[in-house]
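To begin, one chain is listed below as structure tokens, in the form predicted on its own.
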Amino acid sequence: MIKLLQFPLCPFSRRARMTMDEYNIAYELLEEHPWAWNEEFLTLNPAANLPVLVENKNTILCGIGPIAEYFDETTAKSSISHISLYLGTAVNRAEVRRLIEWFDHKFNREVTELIVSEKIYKRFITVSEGGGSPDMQVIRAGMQNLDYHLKYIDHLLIDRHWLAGEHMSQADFAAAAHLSCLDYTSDVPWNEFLQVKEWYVRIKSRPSFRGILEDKMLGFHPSAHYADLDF
């Protein structure tokens, strides 16, 4: 069986899981801590980033981009239903990839890393390695940036059914993966962005999101509405 090395509150790991569940691909989850220096993991991925997919000894995929594209090429396009998360013309697909880059680079750097890393990751790292109590100034900066990004998502949804256009895509999965981590830590002001909330409910209600909503971190409970499909 395919093995996915991942961490529950890693947005890139979450998107890999959502993608495989959307395509009904069976896999086994193996938890890997992104802050740990695991030599066995480094032999699989010297870049040390998650997720890593191991299909067999000759097929090891590192990073969410290659994993998502791999399943689109091998599963979506070869299936009878031709379900793809990169639908549309070349221009449409370019917009999907532009938004993926927005969320996986800009959003991650300006929001997810500041909030989730401070609130979650630092709890598991020694003080000498940069762990300890969360820095509230860093978290406040992340929250300010989050407001800007939510306004941008709101702007995209003014004349689009999904973030990149009329079809659900990997752009939606990328955004939802990051926001779901922030929703776990109770940091998304949903009621200030009702259009974004309505879009997230549609993503959240998909069967491929079910496993994400079952995630639990030892010693850190999710927000009260985290698993509620009608919050």
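Each residue number is its position in the shown sequence, starting from 1. Source: prediction; values computed, not measured.
Below, we refer to the form predicted together with another copy of the chain, which is not included among the displayed structures.
In the model of the complex, Pro34 stays away from another copy of the chain, with no heavy atom inside 4.5 Å. Among residues of the shown chain, Ala47 is one whose heavy atoms approach another copy of the chain to within 4.5 Å in the model of the complex. Using a 4.5 Å cutoff between non-hydrogen atoms, Leu61 counts as a contact of another copy of the chain in the model of the complex. Contact check for Tyr152: a non-hydrogen atom falls within 4.5 Å of another copy of the chain in the model of the complex. Taken together, Glu73, Arg93 and Lys106 are fully in contact with another copy of the chain in the model of the complex: each brings a heavy atom within 4.5 Å. With the partner omitted here, the stretch from 136-144, 85-93, 157-165, 115-123 that lies within 4.5 Å of another copy of the chain by heavy atoms in the model of the complex is 85-93.
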